Ligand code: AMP
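The chain below stands alone and is given as structure tokens, in the form predicted alone.
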Amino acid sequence: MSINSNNSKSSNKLENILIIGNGGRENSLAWAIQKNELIKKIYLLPGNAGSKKINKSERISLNLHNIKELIKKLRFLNIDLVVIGPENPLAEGLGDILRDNNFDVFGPGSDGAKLESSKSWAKEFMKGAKIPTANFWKVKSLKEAKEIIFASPNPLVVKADGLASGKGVFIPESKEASLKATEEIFEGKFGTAGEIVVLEEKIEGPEVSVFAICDGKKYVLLPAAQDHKRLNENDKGPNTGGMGAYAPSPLITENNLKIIKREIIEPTIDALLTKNIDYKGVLYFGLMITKYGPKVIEYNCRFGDPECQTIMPLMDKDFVILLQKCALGTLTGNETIDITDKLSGCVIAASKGYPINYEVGFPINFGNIDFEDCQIFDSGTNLNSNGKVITDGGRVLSIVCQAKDFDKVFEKAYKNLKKISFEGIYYRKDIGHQVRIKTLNNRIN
């Protein structure tokens, strides 16, 4: 699929950025990148209704599968760095194609993206590299799964092997529920992503997301975040792509961080190198802090959403330079990020019925938003024929705020949320409950 080219460009130039994706993650990346005075233009492909509100940004429309036209357009725009946001184009090898055509890309090739695009491959990768994770079974039939589930002393976690937009993980409370989830996956709930099912031992402890931006050999850590995956308050209901997050996470103590670096991050990069995988992008480690130490629940090959929206306001103006150094393979490993001393939190406003069935196309009304230390990153929005912002996804808006303590962070976020309305708006009212000091009775109703 690649197009051969002898065209070369200056690797040091950093004026025109392309960000691929249409969610809150991509909007927050653009917002962080535009802070740097070197940047002249940020193109979002395709972006969403909120993209143009970001300084220096412009939406463009191109078919990512029309490679010839894509390469022609990117050369015309003099793109210096491509940042690929979502997992699907990474898994499909878009990073490889662009690199073959002399573009600097932040985002792994399809080989590195298998850490996310195949849960069974990732589990076998961890097993081979002796990276701490839960025990697992890779199954290809319901009969095989049934034998394993009912031979296990406890209910097993059930995962569709392929990409399922963060919705392919089930944490049942009974063996019968484990079997039912497995049956639904094999019956086609996630299409070809469910041709293989991973059954996994259930482990316990708080979860945390750790992000390492990597140039293939060296890495720089970003602030750790905690995501709220479940749809409803008190972490109940189905898994979602994420209903909110906060950062930095107090779970990552200095001792935990040493263990995570030594036993998880560095062995992961070493094992990638052993497999001749030149991983240039972000390594997302979904971890559980168990009583036996940190264990990997999952890898992602891209920034998490909504963790990315939460972390980006903490970044300094030179964040984009680190992305370029990762793309070029020129990290020293001693780089530091001048992170603000404030804390950050994000609450997702979703469509009624998300993550299963929901309608889109409803007008969004914004009241008098207080933008001091607050951002609204559009996640699933578009414009109708009258130019009105409408809902266009399950997760619609990311409301992100910063303050010196988490109670103030979420007080601001929920205050702004009350000024936003669209038909069927839904959001959790307890995001950040682990770090907010006030009791639930004093929180936003």
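Source: prediction; values computed, not measured. Counting begins at 1, following the sequence as shown.
Keep in mind that the form predicted together with this ligand is missing from the display, and what follows is about it.
Novice: Give me the residue from L257, L77, A134, I321 that has a heavy atom within 4.5 Å of this ligand in the predicted bound form.
Specialist: For this set of options, the contacting one is A134.
Novice: Identify which of D96, D215, E200, D104 has a heavy atom within 4.5 Å of this ligand in the predicted bound form; exactly one of them does.
Specialist: Flagged contact: E200.
Novice: For the chain seen here without its partner, which of 311-319, 165-173, 352-360, 186-194 has a heavy atom within 4.5 Å of this ligand in the predicted bound form?
Specialist: Among the listed stretches, the partner-contacting one is 165-173.
Novice: Taking the shortest heavy atom distance, is K325 within 4.5 Å of this ligand in the predicted bound form?
Specialist: Answer no; every heavy atom of K325 is more than 4.5 Å from this ligand in the predicted bound form.
Novice: In the predicted bound form, does K280 have a heavy atom within 4.5 Å of this ligand?
Specialist: Answer no; every heavy atom of K280 is more than 4.5 Å from this ligand in the predicted bound form.
Novice: Determine whether any heavy atom of L179 comes within 4.5 Å of a heavy atom of this ligand in the predicted bound form, and answer yes or no.
Specialist: No, no contact at 4.5 Å.
Novice: For M288, is any heavy atom within 4.5 Å of this ligand in the predicted bound form, or not?
Specialist: Result yes; M288 sits at the interface with this ligand in the predicted bound form.
Novice: Mind listing which residues of 288-303 have a heavy atom within 4.5 Å of this ligand in the predicted bound form?
Specialist: Going through 288-303 in order - heavy atoms within 4.5 Å of this ligand in the predicted bound form - the hits are M288, I297, E298.
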